[in-house]
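One chain comes next, on its own, written as structure tokens: the form predicted on its own.
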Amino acid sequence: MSHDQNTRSALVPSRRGFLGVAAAGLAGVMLAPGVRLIEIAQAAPLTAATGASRQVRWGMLIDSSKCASGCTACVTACNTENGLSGGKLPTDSQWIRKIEIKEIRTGKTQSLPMMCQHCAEPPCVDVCPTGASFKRADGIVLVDKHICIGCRYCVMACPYKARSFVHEPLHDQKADVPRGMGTVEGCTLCVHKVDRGEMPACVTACAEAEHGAILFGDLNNPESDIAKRVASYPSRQIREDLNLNTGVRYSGI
């Protein structure tokens, strides 16, 4: 079964119809003090309305040999771009985190960023009872805040521990990144920037820190840098045994 947004849309016309009927009522709903859905919609770039292309599959290739232990530039950039607090409490949202892995045989350690892996067959989508977890045609896995009921089945299903539940009221949200208490969230690959033709914040921050460990691009385009690298050099998926066909790949591990 495909998880593409196009397929999803075809399967749930009643949900979309309901959302359309309810739009007028929702327009005045406040996600957080000072942030209304209608204002977010008006702030959205027109290019986002053109829709994702099935011809594209956005992905990342992370070179562990370039990822510096102790550097958290990608994490800080993600927090800033998406309006996350950056707190370390268990209830604080964290869309990307740094992890350290150690090879038992040699003792070699490596530092890696870990986030939503944007799986082609995402378990979070399979278990979502409302269809709030979905995958766009271009492979980006997202959460529809309007229909997420906060059951957290997706949090339990994700083998990468990449999703967070919003426990507290939110303030000073970013117009391009709507969030809501009582819903689940995770890395969006900075979809609002990608739809404008820009790079995800973590990719830019890693380059500015002079590491250049994260390569972003279209895995389906054989002429893209990321596709050429994946085709030319060994890379791996985390938990390859699950056959999820992740959009995030790692080299050097």
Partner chain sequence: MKFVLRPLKDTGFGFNALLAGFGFMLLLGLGAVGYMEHHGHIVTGMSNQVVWGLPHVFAVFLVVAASGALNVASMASVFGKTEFKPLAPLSGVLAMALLVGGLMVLMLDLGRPDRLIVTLTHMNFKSIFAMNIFLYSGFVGFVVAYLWTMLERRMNHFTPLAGFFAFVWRMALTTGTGSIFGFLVARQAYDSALLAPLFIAISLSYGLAVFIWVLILACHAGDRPLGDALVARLARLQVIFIAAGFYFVLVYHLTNLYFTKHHDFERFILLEGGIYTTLFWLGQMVLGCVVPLVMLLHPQIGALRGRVAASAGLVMLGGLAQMYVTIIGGQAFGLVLFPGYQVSSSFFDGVTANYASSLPEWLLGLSGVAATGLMVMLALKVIGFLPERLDDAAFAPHSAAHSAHSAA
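For clarity, every value in this text was computed on a predicted model and none was experimentally measured. Residue numbers count along the first chain shown, from 1.
The same protein also has a form predicted in complex with the partner chain, omitted here; what follows describes it.
- Contact with the partner chain in the model of the complex, defined as a heavy atom within 4.5 Å, is made by none of T188, G197 and R249.
- Residue V125 is the only one of A120, V125, L142, C71 with a heavy atom lying within 4.5 Å of the partner chain in the model of the complex.
- A heavy atom within 4.5 Å of the partner chain in the model of the complex is found for exactly one of M114, A77, A137, L84: M114.
- Although the partner is absent from this view, M181 contacts the partner chain in the model of the complex, with a non-hydrogen atom inside 4.5 angstroms.
- Proximity of I238 to the partner chain in the model of the complex falls within the 4.5 Å heavy atom cutoff.
- When contacts are judged by a 4.5 Å heavy atom cut-off, D172 does not count as touching the partner chain in the model of the complex.
- At the 4.5 Å threshold, heavy atoms of I101 reach the partner chain in the model of the complex.
- Residues of 66 to 94 placing a heavy atom within 4.5 Å of the partner chain in the model of the complex, in sequence order: K88, L89, P90, T91, D92, S93, Q94.
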